[in-house]
Structure formats: structure tokens, C-alpha cells
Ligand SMILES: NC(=O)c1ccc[n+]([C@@H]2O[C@H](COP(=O)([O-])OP(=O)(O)OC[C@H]3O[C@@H](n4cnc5c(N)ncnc54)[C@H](O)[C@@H]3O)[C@@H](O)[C@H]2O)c1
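Just the one chain here, the form predicted on its own, laid out as C-alpha cells.
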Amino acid sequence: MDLRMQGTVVLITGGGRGIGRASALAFGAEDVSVIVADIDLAVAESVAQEVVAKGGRATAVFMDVASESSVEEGIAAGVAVFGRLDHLVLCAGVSGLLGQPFDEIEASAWDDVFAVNVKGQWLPVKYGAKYLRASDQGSVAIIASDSSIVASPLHVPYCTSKGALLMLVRALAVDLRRDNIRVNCVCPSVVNTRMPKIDTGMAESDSFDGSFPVHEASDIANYLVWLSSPVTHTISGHALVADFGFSGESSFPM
């Protein structure tokens, strides 16, 4: 299928690792110029080099999505390289606080999660919208989580922050519809990246034991590319749940 994205430009937050890195490579393969944004500029530069080595076009910018000035400056720096911005793919996120009872969590730690997982998704849209309005393919695709719709035990701040993203996506989709900018999100269950491994006490090099299904980062990247492409031009305000069908399962005993 021709996704008809050739010549467009995407900025990917959290682009240095995991789903963000996989997304950079996937967009690059579609002849999309990639702005790799990450709080770790060295890993962002490494990913940009990977895209270029495969025949694509890419640049790296520093971005702390919890900082308004950093987001504004990072987007401007990326646009200065390629001259336009057509797609935002927002993969930056934190977990943290897994296993902590909700009434033992410090308010400052709660705020840290929301600064990245909620504010850090709104800020790139705030500063990217003026560029997206000039595109005939303007789109935003955000990584949420299956924790947006089902709660894991002792993970209240994370689950709540990801649930907030569902309404952020819907509200932005409503406000940006008049500008022909679509906003969607992907809600995956466990992905084979370092975040869930660290959360569960695994080393980054460890493999999951096969007791439950796990996505590869490239699986989720493919969904983000598809939702960003004009072949899905009628889809906006949508949460694509990728959880191997588990959220649809009844608790009825069998």
C-alpha cells in the first residue's frame, strides 16, 4: 500500500529509544524526513544517523517535553532544517511509581509523571500546530497505553496520566478539525522496550519469559505511521487499542 507520505516531515518525541526509534526508522522508510527529538541528544543523533544510513533524511534536536521553552526551541530547530512540519508523533513518556500505594506517593512525584505524560504531549501540539496548519497532511499521533482503559495494580499515577491522554486526543481532534489536522493515539499493552523491563526489575538485555504476549517496538511504529498517513484521512479522535484482544475478554468464569 502506498501511504502517500513522500516528501513530508515528521517530528518524533522520545525518538532516541524504543517505540520512538522504531518510528523514526519506519517513517524514514516511507520517504518522510525525520526530526528525532529526545532529552538525550546523543541517542537522538545516533538514530538520525541510522535513518540516513538507510537512505533517509533526518536530523536530531534536543527536547525536554516537560519544558515549554525546550519544546518551542526544539520544534523551531527541526523546522529550520527541513522547512516544514507535517506530522507529530509523540512517544516521550515515563512510567515510574509502579508498585507504590497511591496514598504513599509524594505530590511532587505525581506532578513529575504528569509533566511528561500529559503536559509533554500538549506542548508539542501547542508549538507545532502553526506548522501543521500549513500542511495538507497535518496529523498528530500519540502513544497512550492500554493503561488508558484498564488499570494495573499499584500504578495509579501512570494509569491516570494515560487515561488523561484519551480526552486530550479527543479534545484536540475537535479543536483542530477546522484546520484539517487529525489527532489519534495508540494504546499498546506491553512492548519489548526498556521501560516495562525496568518497571518489573529486569535488565534491559533480558527477554520476557513468554508467559504473556509482547509487542515489538516496530509493531507500534507501524500503527503510528499508518495513523499519520493520508490513507486514514477520515480517522481522528480515535484510540487504537493494541493489546492482543485482552481488554475485550469477559470475566465470566468458564
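Quick caveat, the model's predicted, so the values are computed rather than measured. We number the residues from 1 along the sequence you see.
One more form of this protein should be noted, the form predicted together with the named molecule, which is absent from this view; the next part is about it.
Just one listed stretch, out of 73-81, 169-177, 88-96, 123-131, contacts the named molecule in the predicted bound form at the 4.5 Å heavy atom level, and that stretch is 88-96. When contacts are judged by a 4.5 Å heavy atom cut-off, residue 193 counts as touching the named molecule in the predicted bound form. The shortest heavy atom separation between residue 19 and the named molecule in the predicted bound form is within 4.5 Å. Proximity of residue 56 to the named molecule in the predicted bound form falls outside the 4.5 Å heavy atom cutoff. For residue 66, a non-hydrogen atom is located within 4.5 Å of the named molecule in the predicted bound form, even though that partner is not displayed. Taking a 4.5 Å heavy atom cutoff to the named molecule in the predicted bound form, the contact residue among 50, 31, 216, 40 is 40. For the three marked residues, 14, 116 and 188, a heavy atom of each sits within 4.5 Å of the named molecule in the predicted bound form. Of all the residues from 125-164, those having a non-hydrogen atom no more than 4.5 Å from the named molecule in the predicted bound form are 143, 144, 145, 158, 162.
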